[in-house]
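The form predicted on its own is given below as one chain in structure tokens.
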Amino acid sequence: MTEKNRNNLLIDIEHLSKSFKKIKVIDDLTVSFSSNERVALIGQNGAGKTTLIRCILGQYVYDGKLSVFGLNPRTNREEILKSVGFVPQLPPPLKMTVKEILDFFAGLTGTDKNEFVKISEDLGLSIKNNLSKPFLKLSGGMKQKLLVSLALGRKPKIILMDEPSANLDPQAREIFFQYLNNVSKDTLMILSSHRMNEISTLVTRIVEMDLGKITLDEHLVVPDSSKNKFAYKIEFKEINDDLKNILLDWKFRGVNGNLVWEAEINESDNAKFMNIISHFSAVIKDMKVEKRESEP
């Protein structure tokens, strides 16, 4: 592990094992995850992906060492979950109404519940028409949209998602991935998905599991040794808070008022930034990009 990744370490796992009825589902697994990583967690059914996620969430007793933010997820679960957004593969059997759920998560995370409402509405779930409806009575797609909004609306430091787009309609799926593209680059994101084609442009690392072990761990970014940069100067027709926050996350600075922004993007991050900014093409008036190669 590089010194940079060690300093940004969020999840550290050493010799983790978990068995159910003497069947070993996680087998002496050692791995770590750092901030700003976008991880595709792949593997066949039964590979141990969901069990690994639930160990990270502190839902299972396990053997070995596991820390999240430097804390034990079994003994510090409530504190950890305040900064973790989670979308399960199967919706939980919550008996609360939509309103009660929104109020609960707003209080738990200190988030304005309108943040959750906005994402739900963007995904196609009318909160106003379903406030008094029990979560159990929602359709599978409606449940998934609400769970996604609860995970993303709080702007967590870690996002864990287990087949998050499985119950989403095509339009909602497209909007969902736009939201993922716009997540702060300092956030650790782990996506367990069978749809690798959907997340291939999003992820920077692939971790494949089989029979409770990691069989592949591949980083997809350009090595840090590349010192080339791309100088951006972007003029916008208009700018909203979401776009402004994204620009600030990427260390842009406003010049000539609030509509012209400049920054230098590392070559290793350039493709990711281009993918993100493309979603705002309708409000881009002019964009100049100059590649600045490092001295040999």
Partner chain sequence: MKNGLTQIAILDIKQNLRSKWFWSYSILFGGFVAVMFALGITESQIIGFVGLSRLMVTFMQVSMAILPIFVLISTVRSVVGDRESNVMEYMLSLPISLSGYFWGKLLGRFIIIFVPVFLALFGATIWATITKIDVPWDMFAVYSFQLAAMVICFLGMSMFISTVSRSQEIAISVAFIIWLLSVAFLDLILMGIMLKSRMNPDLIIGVGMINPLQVFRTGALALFDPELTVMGPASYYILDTVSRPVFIIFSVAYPVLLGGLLAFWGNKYFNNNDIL
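This structure is a prediction, so every number in the text was calculated from the model and none was measured. Positions refer to the first chain, counted from 1.
Just so it is clear, the following notes concern the form predicted in complex with the partner chain, a form of the same protein that is not shown.
Remark: I246 does not count among the residues lining the partner chain in the predicted complex, judged by a heavy atom distance of 4.5 Å or less. The partner chain in the predicted complex is approached by L57, whose closest heavy atom lies within 4.5 angstroms of it. At least one heavy atom of E78 is located within 4.5 Å of the partner chain in the predicted complex. Mapping the unseen interface onto this chain, L147 counts among the residues with a heavy atom inside 4.5 Å of the partner chain in the predicted complex. Contact annotation for the candidate site: F252, S268 and F273 all lie away from the partner chain in the predicted complex (no heavy atom within 4.5 Å). Contact with the partner chain in the predicted complex, defined as any heavy atom within 4.5 Å, is confined among 123 to 131, 210 to 218, 99 to 107, 172 to 180 to 99 to 107.
Checked against the partner chain in the predicted complex, the candidates K118, K155, R74, H194 yield a single residue with a heavy atom inside 4.5 Å, and that residue is R74. Put simply, of A166, L90, I206, L202 only one has a heavy atom within 4.5 Å of the partner chain in the predicted complex, and it is L90.
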